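In what follows, one protein chain appears twice in different forms, each by itself as structure tokens: structure 1 and structure 2.
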Structure 1
Amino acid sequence: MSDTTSTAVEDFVLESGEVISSDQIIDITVVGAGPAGLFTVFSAGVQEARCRVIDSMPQVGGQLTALYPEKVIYDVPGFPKVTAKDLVDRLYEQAQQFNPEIHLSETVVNVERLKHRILAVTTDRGNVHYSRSVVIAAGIGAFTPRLPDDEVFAGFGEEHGFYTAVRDKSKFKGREVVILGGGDSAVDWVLGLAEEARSLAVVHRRNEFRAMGHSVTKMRELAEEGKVNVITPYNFKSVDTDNNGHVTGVTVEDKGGAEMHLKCDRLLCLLGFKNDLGPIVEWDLRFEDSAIKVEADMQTNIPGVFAVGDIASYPQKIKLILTGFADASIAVQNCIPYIRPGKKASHVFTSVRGLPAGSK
């Protein structure tokens, strides 16, 4: 049994007795695919480190995607102004050059240090990802979809016809679809599914929709053409299921308590996201000011575990996108000697060296 520096494939016996081979251990696992996480992936690629990123949201982009996709940002260097959505698209494209492993809709619930300097990253799907180092880029916590009623929908999933994101439009083709929500993604998916669905209704608690004006106009036009039923101001009341627990309809009610029943076999709930630091506070990390305390090299109190972006705390920290980028670059620079003991990260400008062979 040896350390992890060799490039030859070798086996490691863990405390549990489980044997894992070195090619199951990735160099860097990034927790969070917000701007700091995505730039960490890029920075890792520049250093030829194999990288995986895990995020609880169905899309990358962190707060920019979940909270303000259409807002214009003015303080990202090189962009006099850019919408949050466009910035995320650029960051994603930049990170994708290195073919990282990307796991979405998956929340990291534990990070544990094992023998042989191996870190085990466990997720809510029961997956254990082995890694030589971990960069926590978890921002203000894991974003998870807001549900109309947490108790009622506990245990409900896509296998029951209940969706909180559209990953595959074909699942809605020829179906009776009800969308709950009144923001950008609800209206976008009304437009996106109008041609796919057999019937389509959108239910929102207000008459006004919080979405881009031209999208709302288009939705109203579809309503006039009879392609979508816009039901406002109504709130979710209850869901009906068959004997297999499959959604068969929803009941909604107006402010006066008058109920309306809508038949459906696809219920798409797009009510935004809630964030929660959740399990991270239990990972034996040192916290200060509700963030993870890091040293100047971005390392936390757990060797091999780094933190960047909004979740990282150090003197004079400013929680901005651009500081997250700088954190990411410093963290990766300091990950390299950790994952390849004896080696230093070579700091050469990408403009001089170019990107490593194999990048797109």
Structure 2
Amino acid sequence: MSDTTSTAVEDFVLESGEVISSDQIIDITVVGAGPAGLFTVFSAGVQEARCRVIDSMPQVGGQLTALYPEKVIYDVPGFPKVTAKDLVDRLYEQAQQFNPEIHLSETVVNVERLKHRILAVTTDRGNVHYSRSVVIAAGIGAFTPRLPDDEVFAGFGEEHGFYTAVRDKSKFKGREVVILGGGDSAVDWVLGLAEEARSLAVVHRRNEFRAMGHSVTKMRELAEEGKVNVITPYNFKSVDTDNNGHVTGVTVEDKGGAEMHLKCDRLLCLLGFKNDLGPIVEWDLRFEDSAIKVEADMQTNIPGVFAVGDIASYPQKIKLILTGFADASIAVQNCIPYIRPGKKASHVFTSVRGLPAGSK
């Protein structure tokens, strides 16, 4: 049996004795339906490669959809500003032009190399998807919010006025809001809620914020205008509630132990996330700082398996959405010679050639 890709329907006999035909084998399976994963699907379509995408979440978009759909993003080329939800909608529309298979609420648990350059992608549903290559676009994996004290917030939820993400900005309109955190998400939501909240305070344990410089500058300007109370360097100490368990305020303290009480009915905790790559860590991949090491062609140490976006690590990597888009293009460009031995991937200028026949 030839170890090459055939355009005709051909039977392959696996080590197990199972017989599969070439029409059961897709060209590229993308693990993760976040921005980098969706753009990988589009890039595959441009190269006329059949594609499927598998994601453990019930909707596409990754963190953008799950954590901050209303957050405004400013550093995506071509968009002076765009909400996370709108960006995901446009990426999904772009990918859908090529009719990819989309499997949601399904977690990939194993990727195994078989005979005939075939990869078996097994999921938690017991499904086995056959593919000629795999592109891992899993972002930071599963994520849970970091809390100053998990025990303190056990049992708290949005019904109590406690939030770890902003999915609906209207819930903060006219409210007294305190934000805990000093990174990009915290500062971005200071800017996003300054005109919505009745009062707004941000508490950070350092004087310096870890967010983008221009965002911090805007926040400082809002503070000078009296629209935001910037409280540093203070740490969270306790939360106050009413008889119904609803948040009514927080107490914070400085390094000397001096306390400050802040009244609020919306407490937004944005201290980052703990990530869990799940079964991916068992796939014999090389890791570096919780990310998969890749070569310049975005291929991992496993032939036919590539990684893109935040989960991919290489020298001088910058974790931005736009970088994930570039990773996706490079990965697909280098998938083609692997899935079609003897054929080089041609660089495609869609402005000149347009999209392949059959796309929507």
Ligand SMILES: Cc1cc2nc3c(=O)[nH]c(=O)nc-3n(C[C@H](O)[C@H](O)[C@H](O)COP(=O)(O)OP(=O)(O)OC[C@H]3O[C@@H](n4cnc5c(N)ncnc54)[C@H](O)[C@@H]3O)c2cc1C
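We call the rigid core the largest set of C-alpha positions that still match within 1.5 Å between the two forms. Worth saying up front: this structure is predicted, and the values here are computed from it rather than measured. The first residue in the sequence of structure 1 is number 1, and each one after it adds one.
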* To do: Tell me which of the two, 1 or 2, is the form predicted on its own.
  => 2
* Core fit, then K71 C-alpha moves 2 Å or more between structure 1 and structure 2 -> no
* To do: Superpose the two forms on their rigid core, then report whether the C-alpha of N110 is displaced by 2 angstroms or more between structure 1 and structure 2.
  => no
* Answer yes if the Cα of D124 shifts by 2 angstroms or more between structure 1 and structure 2 on a rigid-core superposition, and no otherwise. => no
* Any chance you could measure the C-alpha shift of M260 between structure 1 and structure 2 with the core superposed, in Å? => 34.3
